[in-house]
Each structure stands twice: as structure tokens, then as C-alpha cells.
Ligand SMILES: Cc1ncc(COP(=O)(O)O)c(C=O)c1O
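Starting off, we have a lone chain in the form predicted on its own, written out as C-alpha cells.
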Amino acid sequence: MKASSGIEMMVRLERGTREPLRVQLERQLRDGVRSGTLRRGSALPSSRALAGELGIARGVVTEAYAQLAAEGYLVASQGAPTRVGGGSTGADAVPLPAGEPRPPRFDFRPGEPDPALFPRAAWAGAIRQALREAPDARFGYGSPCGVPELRNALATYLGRVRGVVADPETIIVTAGVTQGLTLAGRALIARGVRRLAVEDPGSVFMRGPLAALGLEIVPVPVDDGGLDVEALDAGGAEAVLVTPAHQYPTGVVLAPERRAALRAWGGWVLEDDYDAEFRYDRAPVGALQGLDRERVIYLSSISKTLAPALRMGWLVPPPALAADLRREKHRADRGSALLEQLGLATLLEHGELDRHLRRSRLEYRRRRDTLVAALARHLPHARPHGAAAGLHLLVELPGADEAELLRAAQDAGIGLEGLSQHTIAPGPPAVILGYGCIAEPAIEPGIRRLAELAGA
């Protein structure tokens, strides 16, 4: 049976008119190709299948296909489906490429884990279990805030691993931290917040969605102790976005005295618990939310621990904002995908995520060590920061032209980011080197090539 025999297509023929059925069919197919509704390269139903669907003689379809093939609108091959050809004069219907863009030769781009470390077997088992055990009713619309299994598992996991105090009923499952920030920003605006303080330097990808909501962004300096809390009052902000466990991009931890000062500050705090799971040379740092449930909006995701493609995160609101954030989530969508939620709940309950983190932590530590050693050999004047945790280093390059180095690196097939991409006030020339996506053997030659470009 040909692959195209089960394909359906929208064609409507008018009987009892002067226009023959074959001419009607040709006209509709020709118009479809011209307009782009029939995409170039797409398969059409077999002549037998389309004739049966339309209730006409097969010869009518065969003649129409032959005429359009002669005009270049269709392509017919022996033993293969008839396909739309290149005769389109309307919307270009060239298919999108199936693969992802080609990665750089030396991929030091920060912000992503190694997709090869994704625990496929454990994830597949969790999804199969969800398919077996989920009752039929679960496949309808559930709570947009998340399934109970995942919210219960998250409350237990976050309390045990991050020191977060969370009632399962208040946890909101999101499509990642970005959606969580957007929901929180809308809720805060509804409460009268107009000015939001952000770390400077700080992730442009995090502050961008909040600025798009209309919040005025107030930069606050970051130093070796993290966010300069004393500078918050000078900016007149009513809320602040912080990454206290592992600041992006500097990698510093918010100092204990500044945590205390932030609690005493009095405004709303959006805590992005960035990269908290990956630590190598230091003890774990608990979430700020565990110290102040009343004003901290806690946000995290599995984008770094498992894979960004799963698009799943969570938000733990303070009691005063719980109803507001549930309302914003209801307005935003009808909830995250069911099977993925149940799959993650299974991984959490069975300890599979803990085991995955232990394995990946060892791998990332080896890469971190290799990167630090390569920098010492090939860029001895460089000043690396944030080596104790995370998946990236911030590397200051005194005397370098950052913009020129970034251009040269791109031409040489080296993927990385510059510090200037994440600063509001001018900062020193520096690059951000991620080691989540680069294989360990490629680190040394990648840094050697970067050093050549930097003139070291």
C-alpha cells in the first residue's frame, strides 16, 4: 500500500454545474499550490484513495494529476506518492530544516546542560509508568497549576534539597522560569509595583521579559558578596530579582549578612534559584525562600538539571500572592503537559533525579577542572570567577577588546558570550565560558584557539 493512501485532503466538487469535475479538481489543486496551502514536497492522496473519498471515477483523479504534473505543479514517480512540485507562485513552501543549527566547533555557550547526559532510560520508564497508571480522567483538562502528584513530589524535594518551605496546594507548575517570572511580574504590577531592581551584571534573558511587561528596570551593582543590598533604597524599587545561590554571570553567592539585609529591606523578592544543584567546592546554599516565606517568590526549573526542551519549572508564591499567581496562571494557559508532569513526579519520588545529579555533577566537575587548567596554561593573565559551582565561568581579560574578540571567536567557530551582553553599567572586558555543552577533549584546543585570538 502506498504511503499516501491514507492521506486526507480538503477538496469540494460541485455536481450539476457546467464545469467538469476534472477541471474543478485541477483548479482547486492548482490554487492550493499557488497559495501555499499545499506545501512544496508534501504528499497527496493516491488516485484511488482520493477518488473513493470524493465519490468519483479514479480516471478523473488520474487525468487531473497528469495534467498538473505536466504543468509542473505536481511530481509523479513510479511506485512513490504524488507530491507537490515547484510550480508555486504564491507563498514559498520550502520545508523548515529538520535538524538544529550547526553548533560551533568549540561550544562554550553558557546556559545549557549536556543533552547527552539526559537520563533517557529513566525518563522513558517514568513516562511508560504514567501511561499505564494514569486514569482516563487525567487526560482531560486538569488544574493549570499542575497535577497533584508533581506538586506533592516537588514540595518534598524542594524542602529536602533546597530548604524551601512549600505547601503543595500553592506550588504552580510553569513552562520554565521565564513563564514564572512573567506571571510574577503581572501579579506585582497588579499590586502597584512599577520599579524592579535587578543585579548588574545579571542575565538579560531574565530581566527582558519583566521589562517587556512595562516594569522600570533599576540596576543594582554586584560584587564579591553578591547584590549590594544597601543600594536598593537609592533606586526606589519595590521589588528585586536576585540569583542568591549562584549569581549569573559572576557565580558569587549572596553573603549571609546581605541575605539578612534583604529580609529587612521590605520589598518583594523574586528568587531565581539558578544553578543551585551543581556545586563542586562548597557546601550547599539554601534557598532564600526558606528564610522568608512572606515576601519571596521562589522560581526554579529542570532546564539545567534535566533538559531545557522539557519546558517545565515551578513557582512557590508567598501566601499573600498565592491567589494572584494562580489567577495569572489560569489566564496564561490551561496547564503543562500531563505525561511530563507525571514523569517528573516519578523521577523525584524514586530518587532518579538525585542519582542523575550525582552522575552529572562528577562529569561537569571534570570539565570545570579541565577548563580552569587550560585557562591557566593558555591565558595566564585571565581572571576566572565562579568556579565553585554552576556550568560556566566568568573570565575577565584585562586589556582585551571584548567586542572584537567576540567577532573573531564567532568567525573561528567558538561559541561564547561577552559580559557586556548582560551588563547595564559598563564593566570590564570579559567572556562567559560555559562547559555544559562542550566535550572534555575539546576544551583544551578551544581555549588554545581563543588565546590565539586574544593575542596571548
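A residue's number is simply how far along the shown sequence it sits, counting from 1. Every value quoted in this text rests on a predicted model; they were computed, and no experiment measured them.
Not on display, but discussed next: the form predicted in complex with the named molecule.
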With heavy atoms only and a cut-off of 4.5 Å, decide whether Tyr248 touches the named molecule in the model of the complex.
yes
So in the model of the complex, does any heavy atom of Gly185 sit within 4.5 Å of the named molecule?
no
Taking the named molecule as it sits in the model of the complex, is Ser303 near enough to touch it, meaning that at least one heavy atom pair lies within 4.5 angstroms?
yes
Spell out, yes or no, whether the shortest heavy atom distance between Ser203 and the named molecule in the model of the complex is within 4.5 Å.
yes
Looking at 255-263, 157-165, 328-336, 174-182, which stretch has residues with any non-hydrogen atom within 4.5 Å of the named molecule in the model of the complex?
174-182
Identify whether the named molecule in the model of the complex is within 4.5 Å of every residue in the set Pro148, Glu340 and His350, based on non-hydrogen atoms.
no
None of Trp123, Tyr274, Tyr364, Phe106 but one has a heavy atom within 4.5 Å of the named molecule in the model of the complex; the exception is Tyr274
Counting any non-hydrogen atom inside 4.5 Å, which residue from Arg311, Arg83, Arg293, His378 sits next to the named molecule in the model of the complex?
Arg311
Heavy atom within 4.5 Å of the named molecule in the model of the complex: which residues of 32-71 meet that condition, in order?
none
